[in-house]
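The chain that follows stands alone, in the form predicted on its own, written as structure tokens.
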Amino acid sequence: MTSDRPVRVRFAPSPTGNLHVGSARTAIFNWLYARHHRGTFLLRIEDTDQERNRPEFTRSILDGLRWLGMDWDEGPEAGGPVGPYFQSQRMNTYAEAADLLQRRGRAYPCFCSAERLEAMREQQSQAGLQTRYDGCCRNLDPEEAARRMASGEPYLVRLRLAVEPGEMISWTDACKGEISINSDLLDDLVLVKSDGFPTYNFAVVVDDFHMRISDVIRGEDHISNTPKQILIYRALGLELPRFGHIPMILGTDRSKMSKRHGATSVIEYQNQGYLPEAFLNFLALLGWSSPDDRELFSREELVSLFDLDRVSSHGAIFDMAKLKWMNQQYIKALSGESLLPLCRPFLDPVPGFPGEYSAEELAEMAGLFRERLEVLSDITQKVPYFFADPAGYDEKGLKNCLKTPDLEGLLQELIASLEALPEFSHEAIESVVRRMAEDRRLGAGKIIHPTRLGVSGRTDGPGLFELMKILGKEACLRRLRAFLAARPWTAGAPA
């Protein structure tokens, strides 16, 4: 690659499933690299797998990228000068390239049946040989080949390798340094299948050339494809892009990430309530490190710092605990007003939501849980008592109630004091509780814990005085009276 070549990178997913975590990380690295170098980020849909492609997966991929906050300069819904950006719409381009290679003698038609090829491989394997095409159709008479094609006989188009035995196919990888592959591991690879569709390696080379891609940044599982693509570039007489292979994402047991390690599609993390900023930050650090070893970055900071020279050559561990911690840090930084709309999809299923609360009160309620949410969906289980009186009380909390002397009298006094408050504010409620604790020479917790149990049915939650203020005077008094009347802490208590 010449030094003055403008940066143009691409993300090229196949629409055979939802956006995968590994694919999303590849997209992020390409996007950050393009933005850092003020280059072009291009999206191309590689939809030549006619059996597995689904339009809904294309939609899911686009939506997943947008959820992560990534935009593309060229591609579906953005347009651009080198489209179309769907491989299925570029068939003429591949046919022209294949025809050019055949005219130059760098490719040839192969009429070998699938049965013959299978038998050939089986024979080679049994003999302990490298399985590779034996060149049966390599030197067919051109007139015979033309006649067979004209008669409608099925055929493939193969690349005629122009390498010496044992020749090394080498390149300087932007992430891994020098890599060499022995050409003896390769054969006359298929460029065009019998159905007329290009193979992956051929279509990628043709597209990357026509789309002027300067840097091919992809997962290290593509290293085995790179020498094949280099040979296709050479056959077409084209300048190579710079290749950079980023490390695989591994589970905590250091095996390739799979569903047993956690969700593998981006949409699942979105549905669980991860923030896109946090998820992008987390994925950006899977195989890349900042100069100062920080872990939390704004999008702008990532763009400013990212480059391929700090991409690791080793596998990147997908640590769910770290992801949850990172997501929690992003949630903590939100205001209640910002958090509420993000939580709404997880609040809507809560029975009674939104109750009679104002938008301001709901935002205040959401804010109470900022430091208690690892993911937004956690709020579904944390807030039901805001919208319905407790149906029961935590058993451990009821046992602890026995540690508060004269709990029945205390609750009667608390109810009377709260009822007399002209303003049901956080400060006023706290003042009542702390005055009672002082008068009764009790630790404040001896009042706070049973009060929390009475109004929420739970022993944990946000600050008692803040949640009581949001619940409101009427609800708190009703619940405390019900708690006092039921006296559930006496059930099973020693006589």
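Given the structure is predicted, the values throughout are model-derived calculations rather than measurements. Residue numbers here begin at 1 and follow the sequence given.
Another form exists, predicted in complex with a small molecule; not displayed. Remarks below refer to it.
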{"query": "Residue stretch of 390-398, 313-321, 183-191, 218-226 approaching the small molecule in the predicted complex, non-hydrogen atom distance within 4.5 Å", "finding": "218-226"}
{"query": "Position in contact with the small molecule when the complex is considered in the predicted complex, options Phe86, Trp325, Tyr200, Phe297, heavy atoms within 4.5 Å", "finding": "Tyr200"}
{"query": "Partner-contacting position among Leu414, Leu161, Met257, Val204 - heavy atom within 4.5 Å of the small molecule in the predicted complex", "finding": "Val204"}
{"query": "Partner proximity in the predicted complex: Arg10 to the small molecule, non-hydrogen atom cutoff 4.5 Å", "finding": "yes"}
